[in-house]
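Just one chain is shown here, as structure tokens, and it is the form predicted on its own.
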Amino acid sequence: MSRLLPLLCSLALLSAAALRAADAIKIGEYASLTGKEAAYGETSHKGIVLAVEELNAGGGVLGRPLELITEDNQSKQGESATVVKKLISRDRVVAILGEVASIRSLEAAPVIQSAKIPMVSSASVNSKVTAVGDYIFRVCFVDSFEGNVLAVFARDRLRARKVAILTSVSNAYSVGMTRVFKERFLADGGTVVAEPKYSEGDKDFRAQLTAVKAAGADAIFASGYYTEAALICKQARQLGLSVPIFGGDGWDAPPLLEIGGAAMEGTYFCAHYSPDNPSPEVQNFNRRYQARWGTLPDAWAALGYDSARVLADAITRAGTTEPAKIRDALAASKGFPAVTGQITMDAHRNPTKSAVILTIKDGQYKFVQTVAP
């Protein structure tokens, strides 16, 4: 019996561990962990992981641990739809987090909506994302808000009256941002003097920038992602264009400075989060994130964290893992204390929240102002 007792205890512990694993609430995540947009996906994923770890350390959700199952879409077109199908059919997740990039969310959202599984995007701002259906949510502001913020900023802060807009025609985010910005800037009496186009992956923008220089723009709005934006800034300065250059939240990634170097000095962009914000919620989050990952969080990390916490709060209020009831609880989210600002979902499953404007000074991001909705 003395030999049998340790064996029985070991079996009991193994059985308990197996039961806990079987009892876990499975949530999926699809993200660009490799490829062109990996700088977004990596930090968003770290924010989600931190949230899940903290929730599990606090007893989980509904008394059960959360199990995060992550799929890498490799920043490839079409891959997001493939990986979310796996999360739904193979892994049986009750909800899905992702994506940062609007183009990836627009690929995955129809699949997720058809399966009637709630999705919470951390940072896809394109207005069409949540329009896919009533199971699709986000925790970031939308491009209609951001585009208006940037148009007012260009007029009031930069004193620009003649703006050139460079748009990535293969990027839904860039196209949507350009549309909203242009409508507001023109309505406020501004003029768009040049609208050169490019595609994702382009590296030479000298022809477009030569046309911008000839048009006599007061400022340049580069509405795409960080890789092309950094190259645009670098080549603009090489061509002698000294006017202000600015962009949207798609600029917010460490490679922006790595690629653009000194050419980024004095540029501006709109963002969801600034670690310089003195609020206790932000500073406490900064400390926890830095302790876990060894660096300060960026906006994508903060939004990833918020997406997981908003979802967990909805599951708690629903009192069940039934997707339809989680969806209803998400839709009813009101005044949730997120680190990127309080979140209340509107009728279109978009949060009402503030934005911040950052500039680059001495090779560092510097807070300029907060813009309320």
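The numbering used is simple: start at 1 and walk along the sequence shown. From a predicted model like this one, the values you see are computed outputs, not experimental measurements.
Note that the form predicted in complex with phenylalanine isn't included here; everything after this is about it.
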query	finding
Phenylalanine contact at residue 221 in the predicted complex, heavy atom, 4.5 Å	no
Phenylalanine contact at residue 305 in the predicted complex, heavy atom, 4.5 Å	no
Contact flag, residue 181 vs phenylalanine in the predicted complex, heavy atom cut 4.5 Å	no
Heavy atom of residue 96 within 4.5 Å of phenylalanine in the predicted complex	no
Contact check for 139, 333 and 351 against phenylalanine in the predicted complex, heavy atom at 4.5 Å	no
Proximity to phenylalanine in the predicted complex (heavy atom, within 4.5 Å), stretch among 210-218, 78-86, 161-169, 100-108	100-108
Interface residue in the predicted complex among 125, 233, 301, 150, criterion: non-hydrogen atom within 4.5 angstroms of phenylalanine	125
In the predicted complex: members of 218-248 within 4.5 Å of phenylalanine, any heavy atom	225, 226
